[in-house]
Structures are given as structure tokens and as C-alpha cells.
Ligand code: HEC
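First, one chain by itself in C-alpha cells, the form predicted on its own.
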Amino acid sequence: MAQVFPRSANWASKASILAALLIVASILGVVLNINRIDYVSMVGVAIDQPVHFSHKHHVTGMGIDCRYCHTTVEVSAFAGVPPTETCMTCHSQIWTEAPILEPVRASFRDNKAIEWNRVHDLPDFVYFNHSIHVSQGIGCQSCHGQVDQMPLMMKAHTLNMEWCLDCHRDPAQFIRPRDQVFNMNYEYPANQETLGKSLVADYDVQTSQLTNCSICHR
């Protein structure tokens, strides 16, 4: 029987196999790394809200401390979303007729909470506790970025597992004195490596447990 393909066609079969392998590898690469893309993780993307609340105006402009609105951040797993009554503490006196604040006034009149859209929304299989991070010297800025400079709230980091593990594997590089946790202008000193290790010991941070799967997945 005559040979269907000439011997010179062998290169084509080898090239097709190589091309198939490259395509499969490329697809796997995209699947495994797609969550690292800012477009997918929504880093730097302002989330639409029922009220255009500016952290920059309230924190930098008015000097309001994080804990005034996020009252449970030091004692609870959740930072807490302020009730409308907190907003109306000021806005019953100032900007009382501003159209942009009508949803706030309506919420107060109707006794119906404002339905804010979550910006930092972890998957249901991830457990995160704000209070333990705050009590052990991890500042708001470390995870949420320069919130005091954000006219509209957005994610500063992906919050992917590998990002969290960078800190869990070596918390000394991020830890700060407890009285500086809410300082949005805090700068790590030149001796952070030494200071960080000292604070890890002082705050009894259990570094040997931080990479245990059950810490975040319960």
C-alpha cells in the first residue's frame, strides 16, 4: 500500500503536538492566574453605591476616626456598617437639603437601612476576623490601602490567598504598634525588621499557626 503522507510531513506532526501542548499550557496558565488580574479582582475599581460616600472628605477633610463609623472593628469579626443614625448625627444639622443625601434622609424617615454594596467581599469559605488583626497590630491601611484618599471606596489589594499568606508567613514586616493601627499616615521605620519581630513577641502572635489551613478555612 502506498504511503499516505510523505516522510517530509513528520515535522508537521511534531509541530502540531507541540502546538497542542502549548495551547493546553496556556489555558491552564490563564485559569490558574485569572484571579491575579486586577480587572477580575476589581482592584482599583470603585463600586457603585446608593450614596456617593467619600472617605477622603470625611477622614482627611473632616478628621473623623475610622472607629466613629466602624464601631465594632476592635471587638468583632466585622468592622460594622454604620447605621443611618450615625450619618444623621451630622447631617441633621449640615447639608440638610442636599439632593445627594436624600437616600440617607429617606432611610432615616422610613427606618429602612441603606443597602450598601460590599467592596471587600471574601468568599463564603474564607473566615476573617477584624478584631484579631487590629489587636495584634495590623493597620487598616495594610489591607484597605489609603482609604483616607479615596473619594469612592475601592479595593487596594486582590485579597487572594497568596496575598494573605505573604503576611501570615512573615507578619513582622507589616505589624505596627497598636496605637498606630488607625493612623492612615503611618510609615514603617527603617528598623521595621527588628521592631516587627519585637512586636510579634510582645503581642504573642502565634506565627507557627498562621499558615495552618484551619485559620482561614473553617
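Residue numbers here begin at 1 and follow the sequence given. The model shown is predicted, which means the values in this text are computed figures rather than measured ones.
Keep in mind the form predicted together with the ligand is missing from the figure; the text below concerns it.
For N160, a non-hydrogen atom is located within 4.5 Å of the ligand in the predicted complex, even though that partner is not displayed. Although the partner is absent here, E193 is not a contact residue: none of its heavy atoms lies within 4.5 angstroms of the ligand in the predicted complex. Residue contact check for R109: none of its heavy atoms lie within 4.5 Å of the ligand in the predicted complex. By the criterion of a heavy atom within 4.5 Å, S13 is excluded from the residues contacting the ligand in the predicted complex.
Shown without its partner, the chain has C140, S142, C143, H144, V147, M153, L159, N160, M161, W163, C164, L165, C167, H168, P171, F174 in segment 140 to 174 as residues with a non-hydrogen atom within 4.5 angstroms of the ligand in the predicted complex.
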